[in-house]
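Just one chain is shown here, as structure tokens, and it is the form predicted on its own.
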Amino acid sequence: MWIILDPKCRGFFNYNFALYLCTVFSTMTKLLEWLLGASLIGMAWGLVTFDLLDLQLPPQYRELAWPMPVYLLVVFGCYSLATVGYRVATFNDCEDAAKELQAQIKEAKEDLKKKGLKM
């Protein structure tokens, strides 16, 4: 469905595509969030490092920007390690579920013994 936004405007706008974009961006997964962030940082790094926009930045900025991906990789590794460590440290023990599972195992063993299976 194509609609005109404004009578003065000569451009057309696909309303369904806009709705699709809204739903995509409102339901972004973590992977899409990380990929979007990485691509934005990568574009900014490329623009500064290779001076693609002729910003005429001082050489110190290029020297600082050149090893930035390595620094960000180290920071990401530290973040990942800290996240895993925190999640392991705060992991909940489910004692009720463990008792229920042990009871089901015992019941299954008794049922198999009745059917003639030797354990």
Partner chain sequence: SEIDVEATGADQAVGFGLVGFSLSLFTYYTIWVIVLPFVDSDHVIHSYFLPREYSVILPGVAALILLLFVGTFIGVVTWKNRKPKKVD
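This is a predicted model, so every value here is computed, not measured. Numbering follows the first chain given and starts at 1.
Below: the form predicted together with the partner chain, not depicted.
The three marked residues, Leu64, Val75 and Leu81, each reach the partner chain in the model of the complex, with a heavy atom inside 4.5 Å. Residue in contact with the partner chain in the model of the complex (any heavy atom within 4.5 Å), chosen from Val70, Leu35, Leu52, Ala44: Val70. Looking at Thr29, you'd find every heavy atom of it more than 4.5 angstroms from the partner chain in the model of the complex. The partner chain is not shown here, and in the model of the complex it never comes within 4.5 Å of any heavy atom of Leu40. The partner chain is not shown here, and in the model of the complex it never comes within 4.5 Å of any heavy atom of Ala108.
Contact annotation for Ala103: none of its heavy atoms lies within 4.5 Å of the partner chain in the model of the complex. Along 76 to 91, residues Cys78, Leu81, Ala82, Gly85, Tyr86, Val88, Ala89 each place a heavy atom within 4.5 Å of the partner chain in the model of the complex.
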